[in-house]
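For reference, the chain that follows is the form predicted on its own, supplied as structure tokens.
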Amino acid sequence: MNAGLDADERAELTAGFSQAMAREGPAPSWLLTTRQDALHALLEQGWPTTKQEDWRFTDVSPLTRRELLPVPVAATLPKGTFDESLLHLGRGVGHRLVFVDGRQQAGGEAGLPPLRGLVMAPLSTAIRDESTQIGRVLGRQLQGFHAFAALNTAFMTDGVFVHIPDGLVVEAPLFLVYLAAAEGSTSFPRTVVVAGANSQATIVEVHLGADGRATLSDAVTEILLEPGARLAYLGVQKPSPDGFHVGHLAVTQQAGSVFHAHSLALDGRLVRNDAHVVLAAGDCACQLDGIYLAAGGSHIDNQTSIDHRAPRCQSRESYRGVVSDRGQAVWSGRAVVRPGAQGTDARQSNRNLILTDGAVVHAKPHLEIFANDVKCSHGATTGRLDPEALFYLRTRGIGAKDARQILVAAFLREGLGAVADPALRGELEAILASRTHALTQEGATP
């Protein structure tokens, strides 16, 4: 059951939609129809509640009590209020676009010269260029998903369209940086990616909230992999301890494509990440990995779904988290094997470390199998640091806090093993090492 919208909420959203469309100016008819359909779905569906299975442990009322309409861009970008290591992740080694409160920042950085046929353009530009064919992807994979995905579609302000042409191998990662800066702001970043046949690339999408500011980022990323494409995707989320992030990743894979996504959730009052992958044709491979750190009053919820619709596809899910203080973490992994998807190989794994008595983890791996020639498995574990390993380190003269830090860092570093780019992996390891140091100090948050 959803929380229905009252008359005032419906009127506010409807009026806000009209105002937003007036500010945006002329747009293609297909886009206006897509937006209107999303608004209608939102008004009819209402907000999710804890009575729904997928939201049983995540209360969104702190979000729905906020102003949920776009706000003007921050007049100035606050200096020193974003995590510098994440803000500068990969700087100077790849193409980069930066957005502030949902709008492109002037003078965005492009670290490399343009590549043949590669398109990496602001969404506001791409939707007005008929040659991009963005309309065949934008909004097409989101029917039936939760209200926050519909909210993004109705009110999206800007974002990025990436098109990797057939056969192109992009060596350096493509960086998309979304900053939530203004106090109380709500932004709606939208990313659309088309990976052409037999292309290869890495995309890094970073969402940061300004420290000390209660911001909300409601983000949607849609990805289409054409036959034989290989795409690595890294999504990083770090709102402030008072901030919110709701993200939805929707992916469709065609024959023989390979997709690897890694999620890194590091802070925030409430972070919700949904990932939905459709293996639409045979011989695809998909891997979803994730790391999450929840401490203080942080609540981090990861929901994944891999839909095997064709034969001979392989999927892997491997999520791990560290939870401390009053932190809460939720992981729910769902793999569906449709009739006819013979030869499916699907495996799920979730591992959690609890560092303090007040920490809470909810884990739910589940399989839905409607074919008979398959190999499927799942498992989830939650526990404390190994006392024997701690004792071993202590007998070698290592202090208690340092011993805890070594073991937690090793646990998290193992989760980065599948990040193929060595420079990027090295930066992420350094970031996790720094946060692990804070996490393992008594009474500290990451």
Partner chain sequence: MVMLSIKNLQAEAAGKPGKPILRGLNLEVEAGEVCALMGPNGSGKSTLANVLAGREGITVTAGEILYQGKDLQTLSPEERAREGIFLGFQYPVEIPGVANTYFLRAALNAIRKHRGEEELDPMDFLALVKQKAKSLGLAPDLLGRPVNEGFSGGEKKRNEILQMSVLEPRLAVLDETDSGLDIDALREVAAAVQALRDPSRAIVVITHHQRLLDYLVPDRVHVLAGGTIVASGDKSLAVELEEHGYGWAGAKAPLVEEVA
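None of the values given here were measured: they were computed from a predicted structure. Residue numbers count along the first chain shown, from 1.
Just so you know, the form predicted together with the partner chain exists too; it's not on screen, but the next bit is about it.
Not displayed here, the partner chain is approached by residue 395 to within 4.5 Å at the level of heavy atoms in the predicted complex. Contact between residue 410 and the partner chain in the predicted complex is found at the 4.5 Å heavy atom cutoff. Although the partner is absent here, residue 388 is a contact residue: one of its heavy atoms lies within 4.5 angstroms of the partner chain in the predicted complex. Residue 414 belongs to the set of residues with a heavy atom inside 4.5 Å of the partner chain in the predicted complex. With the partner removed from view, the residue among 406, 69, 380, 32 that has a non-hydrogen atom within 4.5 Å of the partner chain in the predicted complex turns out to be 406.
Comparing 415-423, 396-404, 49-57, 24-32 against the partner chain in the predicted complex, the single stretch with non-hydrogen atoms within 4.5 angstroms of it is 396-404.
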